[in-house]
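Coming up is one lone chain in structure tokens, specifically the form predicted alone.
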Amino acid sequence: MNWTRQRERGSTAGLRLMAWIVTRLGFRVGYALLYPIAAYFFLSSSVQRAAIRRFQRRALGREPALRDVFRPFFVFSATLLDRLFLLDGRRRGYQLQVVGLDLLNERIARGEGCILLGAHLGSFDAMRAVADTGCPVEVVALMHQNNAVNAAAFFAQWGPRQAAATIPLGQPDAMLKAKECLERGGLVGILADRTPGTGKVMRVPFLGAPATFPLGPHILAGVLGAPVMIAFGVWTGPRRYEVHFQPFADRIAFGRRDRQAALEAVTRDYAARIERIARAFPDNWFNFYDFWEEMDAR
């Protein structure tokens, strides 16, 4: 099953309840409630459990224990809790360890716009929190939002400034807005691991088996002509994150004659980078669906 056809779980009412709890009772109570919340979603979806088990089996190189399979459900819940605080500007008590920021700052100092390629690994809000501590340039995110309408609407209301810095993919002016941001020397983030259901895709090796990756983000990066870095922020404990920036390409270029080969090479490189991150932080994998497209056939 493609992730775009997977029913959104949770509700706006549930998010509002959690927001009320953390606002009135604080982080510790909210964090304690994560265990029953994560357990509910873990126990109530056999499909998502099976998908995570397949991922964990490949990432860990062994048969995962029940705890291994539960961890991504819990960590995902923890990042949603943190999102309520980070979007509200309440960063007191949070520890953000940043790796590779000097490389990104070199780009910024030269006035170069930069594309940040990420994945559904960890928290994009952790990277935004780094930007909020003193990034001198504009930061926007290109994102698919059709599969999580309720959550997107809630968080847009909760953090309107960050919502304004999000460009929904699929809109006619999305590329134009991204280009304008880069021309101003800004940063454009895009998650490049999920296929949107339409558009060009390619199957490349990922954790020992072919998986489908979208070509759109790489084509977009080539059209925009900006430097590209891999960026991700992983949850490492209560209120603790590691944010990483890694060089990927000075420019992504596709010639007419070798276009397909160049696309395959950049997609393979991206998948290999994400594979290393997934192995290092398997509990931060938030693709709760059949990533290798093999479950429907069984």
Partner chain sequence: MGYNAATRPGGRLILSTVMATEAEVAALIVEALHLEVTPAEIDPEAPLFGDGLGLDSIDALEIALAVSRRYGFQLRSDDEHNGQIFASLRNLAAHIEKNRAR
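Everything numeric in this text was worked out from a predicted model, so none of it was measured. Residue numbers count along the first chain shown, from 1.
Absent from the display: the form predicted together with the partner chain. The rest refers to it.
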Does any heavy atom of residue 103 come within 4.5 Å of a heavy atom of the partner chain in the model of the complex?
no
Heavy atom of residue 251 within 4.5 Å of the partner chain in the model of the complex
no
So in the model of the complex, does residue 90 come within 4.5 Å of the partner chain, heavy atom to heavy atom?
no
In the model of the complex, does residue 227 come within 4.5 Å of the partner chain, counting heavy atoms only?
no
Heavy atom contact within 4.5 Å of the partner chain in the model of the complex, the stretch among 93-101, 206-214, 78-86, 174-182
174-182
Check all three, 169, 219 and 223, heavy atom within 4.5 Å of the partner chain in the model of the complex:
yes
Give me the residue from 67, 28, 259, 62 that has a heavy atom within 4.5 Å of the partner chain in the model of the complex.
259
